[in-house]
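Here we start with a single chain on its own, the form predicted alone, put down as structure tokens.
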Amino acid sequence: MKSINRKPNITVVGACNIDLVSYVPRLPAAGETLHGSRFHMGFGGKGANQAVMAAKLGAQVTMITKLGSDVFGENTLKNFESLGISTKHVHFTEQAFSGVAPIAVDSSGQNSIIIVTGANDLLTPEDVAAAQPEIAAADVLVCQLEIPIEPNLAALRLARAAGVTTIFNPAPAKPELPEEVYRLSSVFCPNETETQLLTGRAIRSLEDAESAARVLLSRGPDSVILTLGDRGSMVVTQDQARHIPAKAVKALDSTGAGDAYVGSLAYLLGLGLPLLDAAQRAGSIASLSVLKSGTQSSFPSREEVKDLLD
């Protein structure tokens, strides 16, 4: 294992959104208007969230993304800079607004999210190619599906050519992915909903989870980590399958927990931890994020999880 004191180098290619969060007694039905109890606006987007989680743990992070030339984009840039995240490859466009995500959170902490991707859709393979030196120098590259597949593939190809560990988080869920995405993924990391959409298999039990993960593994990734919410995760490689239970907590707000997991996993793999150890620690870190409201604001700092990093 590499020294726990070094700063892993993480590059994230992905989306940035501004979260517009309303807290409601329950999620509204179609056509229904509800009175909420409070409102919160925060920084979000799966790519941004994962980058921020890794940075809060102590990683050196480079973000590759596209923002609108608007107040949301300007504030997102300032947020990255305040966290020490490299913004050399944060691009701006006049052709679309920055992405936004209206979110409803009910009294049990469950959420419903609408994503308007905006400028995120305009990130190009050429934008990614300009960051080739940063991608090649990374310990881990992280990608997701809130941006078009073409820049994701461009980044994955560059990373694999340089021997960089790659994490692909297929979220938000899509029914089909290019076969190359699987082959270029060191770790393919979906949740239950995404796994069901990709495999056509419902996840009702741990046996279902392992079976579905093996379907995904057969498509070419080195390993599959299927996140199971409060049931933890299922880690599957060619040699083994291991269920890692989640720590029991009373969730206040589950928004961003999956991103906290992926960002933590990237950090821990970047340190050189074995996959199972990294998955277990990432789950523990992610479980702390549901104890606070908001997305990035709920992510624990390095000091709060020091016992999981030593």
Ligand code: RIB
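The structure presented is a predicted model; accordingly, all values stated were derived computationally and were not measured. One-based numbering along the sequence shown.
Omitted here: the form predicted in complex with the ligand. The next part is about that form.
Colleague: Mind checking whether each of 66, 68 and 98 has a heavy atom within 4.5 Å of the ligand in the predicted complex?
Modeller: Spot residues vs the ligand: no contact at all.
Colleague: Can you check whether residue 103 is within 4.5 Å of the ligand in the predicted complex, heavy atom basis?
Modeller: Output for residue 103 is yes: heavy atoms within 4.5 Å of the ligand.
Colleague: Can any non-hydrogen atom of residue 146 be found within 4.5 angstroms of the ligand in the predicted complex?
Modeller: Residue 146: contacts the ligand in the predicted complex.
Colleague: Can any non-hydrogen atom of residue 115 be found within 4.5 angstroms of the ligand in the predicted complex?
Modeller: Result yes; residue 115 sits at the interface with the ligand in the predicted complex.
Colleague: Hey, in the predicted complex, is residue 44 touching the ligand, heavy atoms inside 4.5 Å?
Modeller: Contact with the ligand, yes.
Colleague: Just one of 278-286, 55-63, 248-256, 265-273 has heavy atoms within 4.5 Å of the ligand in the predicted complex; which?
Modeller: Contact-bearing stretch, as computed: 248-256.
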